[in-house]
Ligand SMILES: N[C@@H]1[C@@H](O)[C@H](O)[C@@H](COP(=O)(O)O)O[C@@H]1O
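Just one chain follows, in the form predicted on its own, and it is written as structure tokens.
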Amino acid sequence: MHTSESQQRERIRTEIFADADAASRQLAGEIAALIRERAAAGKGVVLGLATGSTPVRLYRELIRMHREEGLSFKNVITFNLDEYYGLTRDHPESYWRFMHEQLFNHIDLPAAQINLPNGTLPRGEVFGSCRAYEDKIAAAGGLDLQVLGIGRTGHIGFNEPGSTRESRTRLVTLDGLTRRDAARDFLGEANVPRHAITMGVGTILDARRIVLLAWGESKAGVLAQAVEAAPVDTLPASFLQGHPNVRFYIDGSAASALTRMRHPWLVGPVAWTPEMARRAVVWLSHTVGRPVLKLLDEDYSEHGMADLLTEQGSVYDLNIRIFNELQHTITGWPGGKPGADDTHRPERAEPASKRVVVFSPEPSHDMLGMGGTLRRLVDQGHQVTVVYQTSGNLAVPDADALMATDFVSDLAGCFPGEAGPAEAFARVVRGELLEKSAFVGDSAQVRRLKGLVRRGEARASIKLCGLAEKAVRFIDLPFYEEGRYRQFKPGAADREAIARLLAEVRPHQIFVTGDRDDPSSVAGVCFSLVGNACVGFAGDDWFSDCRVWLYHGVETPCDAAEIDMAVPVSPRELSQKTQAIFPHRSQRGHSAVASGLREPWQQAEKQNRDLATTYDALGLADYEAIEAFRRWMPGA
């Protein structure tokens, strides 16, 4: 299946694109060409379609081609992969509604040619309906092209681990991680359906062509397994290896765990740049279980790296150089140490007091990713501004909002006869919350209250970090307030808000996250807005004296070899960071990572301690914990 030496471990043809938009344009162009070719011959096209955030960019491009290039879908029949069981078609999270909002309502596809599994049938009728769905696909001539995404469990459609290669359309029970990943869409995990109807793996494999799309680093590990490891039923996407015409179209972040990207020296000759040499030596140290300074000639030769020694000198010189590079990333002065020689320090010494902007996509990202460093910056006299880019109201469970209305009512009860607008507002919101079903989207008033809940949590958290309230900005970007998960559309108002803030503060340092997240996620959108603003300021004098540092979320840990600044966190500072995360009560138990940890503070603590353990194993100082940063250059 591989087409080059570097792809020799890949069992599925995988193409890496500059970004999700480029990959989506490529596939949209191929779909358009197929539709036009068949239409010219008087024939139709049968498409298998996916839902979720991954194919949204594809659908937007197809809509654009319909509107601007005259692409007609009148000769197309569609079959969707799956549907939640128990949701009505008008439910905000039903895939029927999703597909109509994201694609069908905007093109000329006849309604009679749209097919989705029926998730509203009585249980006794589901089996027959699934058989009928299979028969309808066959009667249409089979799927010409099936579009897929991939879940963090390795599922395609809702074929969870344990699905067989021969499985057909059926009712399935959803994996716990899949349900937790959908929790925000459903305003809480308790509201996520436990079952879904999905095409089977066998149904998918019957398609004449398959294209799987994937964005973001959270998909990298499972994608690499699907592409490079032997097929197993614990990873349903790996069964795609047996298909004669399958392609994966992915972005660089999703590709980051492929051997040709992560360890290219294992699959062919490489250009031994300083960055590549560092990555290889760190990997070798981990692989053989020896500190960098104790690596031997035979370690290099036995692991396919003899040419590195040939190019870059003796093992002693190479080990010393890489060790020094790693050591120079460590600093207790994330804003630079005043009056010190900064030749080998990550940050410059001057100005001694820097203007620092920390962007947080939602309240809590800042504390989870860099709470210890944030406290250091404050304690060391820098002028820190924390910018919460969105209100985070979509992530607040109804129960937490009800608690807030109870508090306001109880407070008003302390002053009989003096009820004011606040109590009236709380009463109205409480009524809406009690009357709505668990699946109904929030009104503007409910979202406003939930935003206030997040603000209160953020203020309490930031105070524990030593920051004054005046150092905090809540800018409530419109793309978030006007949208919902999977359907964000940033616009000019969002871009202007970020640019205006940066032009006002003119920072010496910017800390931002989300560069490796799914570009459709809150963090991904927020990073793109900051990144675009930085590119726009690239020619300004103040920006030439500004450095941009990337921090990492709890689900995107940083490889030690790519760290540019490592800030040690002492046991006391780690405890303080944990305490500063606690006020974000509405987010507790809201996510899950591969470790299975549910609480955000546990995830952050583990990530920081694991990195310290890694540095210790490389032969560097033994710290309690470390927060990591990479330097980002606009346009690089």
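All residue numbers are counted from 1 along the displayed sequence. None of these values were measured; they are calculated from a predicted model.
The same protein has a further form, the form predicted together with the named molecule, not shown here; the description that follows concerns it.
- Contact annotation for Gly52: at least one heavy atom lies within 4.5 Å of the named molecule in the model of the complex.
- Shown alone here, Gly149 lies within 4.5 Å of the named molecule in the model of the complex, counting heavy atoms only.
- Among residues of the shown chain, Arg495 is not one whose heavy atoms approach the named molecule to within 4.5 Å in the model of the complex.
- Contact annotation: Leu81 falls within 4.5 Å of the named molecule in the model of the complex, judged by heavy atom distances.
- Partner contact region in the model of the complex: 149-157, out of 505-513, 550-558, 299-307, 149-157, criterion any non-hydrogen atom within 4.5 Å of the named molecule.
- Of the residues given (Tyr95, Phe239, Phe488, Tyr388), Tyr95 alone sits with a heavy atom within 4.5 Å of the named molecule in the model of the complex.
- The partner is absent here, but in the model of the complex a heavy atom of Lys219, alone among His365, Arg376, Lys219, Arg454, sits within 4.5 Å of the named molecule.
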